[in-house]
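Read the single chain below, which is given as structure tokens and is the form predicted on its own.
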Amino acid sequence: MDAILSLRRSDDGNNNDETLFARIAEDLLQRGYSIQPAALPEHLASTLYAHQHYLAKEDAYEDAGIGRGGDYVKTEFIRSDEIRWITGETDAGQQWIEWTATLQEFLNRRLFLGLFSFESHFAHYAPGAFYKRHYDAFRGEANRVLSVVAYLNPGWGHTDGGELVLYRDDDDIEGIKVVPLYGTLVVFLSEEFPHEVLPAKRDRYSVAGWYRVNTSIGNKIDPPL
């Protein structure tokens, strides 16, 4: 009986994921971005939430920067958050990687995006920390295709600040504000939407990731090691 109940819970979870993934795919097709409040599966959200607080307790974050490889630069004028790259060495990281791989498979099947790999990190914004307006990828110059952000902040209110502001284009000055409330999931085309993170009044936690296409040529491996 326990085995049957476990199987039913697993099937229900898969069905819920498929429904969520379908909503995301439809949003991407229609407008290029998807905002899904309280959509991250609870078991995954709670695992990530607990691990982020463990990282904070262990002082395991490092100052974030921009660029990668030889072009990587730390600059507090553009961003002042802290990050911890996810490698799959922890249970929380592995669960996140497995779940995002399932989303990747669905989107490739539904939208033919050619998503090849995924990279992500935990992010901590201390009170007052920010990330100024930017693109996750510049058109034709990078291979990040799709950005994913999951928020892990229970009881977050509008007065706490720290919103993600997603701009529709370079001319948009108002943008769409997303409150970083626990379980909220945001997915958008990396080259299409400039965005920023506003300063918060309390510690703000999230997971950010990017699906990439494969642009490895000859001896040049992408993404670089």
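Residue numbers run from 1 along the displayed sequence. On a predicted model such as this, the values are computed, not experimentally measured, just so you know.
Unshown form predicted together with N-oxalylglycine (OGA); subsequent notes refer to it.
Chemist: If we define contact as a non-hydrogen atom of the residue within 4.5 angstroms of the partner, is residue 136 a contact of N-oxalylglycine (OGA) in the model of the complex?
Modeler: Yes - in the model of the complex, heavy atoms of residue 136 and N-oxalylglycine (OGA) come within 4.5 Å of each other.
Chemist: Can residue 24 be called a contact residue for N-oxalylglycine (OGA) in the model of the complex at 4.5 Å between heavy atoms?
Modeler: So residue 24 does not count as contacting N-oxalylglycine (OGA).
Chemist: With the cut-off set at 4.5 Å between non-hydrogen atoms, does residue 164 touch N-oxalylglycine (OGA) in the model of the complex?
Modeler: Looking in the model of the complex, residue contacts with N-oxalylglycine (OGA) include residue 164, since a heavy atom lies within 4.5 Å.
Chemist: Looking at the partner-bound form in the model of the complex, is residue 195 within 4.5 Å of N-oxalylglycine (OGA) by any heavy atom?
Modeler: Within the cut-off, so yes.
Chemist: Among 106, 118 and 213, does every residue place a heavy atom within 4.5 Å of N-oxalylglycine (OGA) in the model of the complex?
Modeler: Judged in the model of the complex, none of 106, 118 and 213 sits within 4.5 Å of N-oxalylglycine (OGA).
Chemist: Just one of 54 to 62, 196 to 204, 31 to 39, 168 to 176 has heavy atoms within 4.5 Å of N-oxalylglycine (OGA) in the model of the complex; which?
Modeler: Of the options given, it is 196 to 204.
Chemist: Could you work out which of 86, 92, 129, 149 is the residue within 4.5 angstroms of N-oxalylglycine (OGA) in the model of the complex, going by heavy atoms?
Modeler: Flagged contact: 149.
Chemist: Taking N-oxalylglycine (OGA) in the model of the complex, which residues along 79 to 93 bring a heavy atom to within 4.5 Å of it?
Modeler: Read in sequence order, the lone residue that approaches N-oxalylglycine (OGA) (within 4.5 Å, in the model of the complex) is 79.
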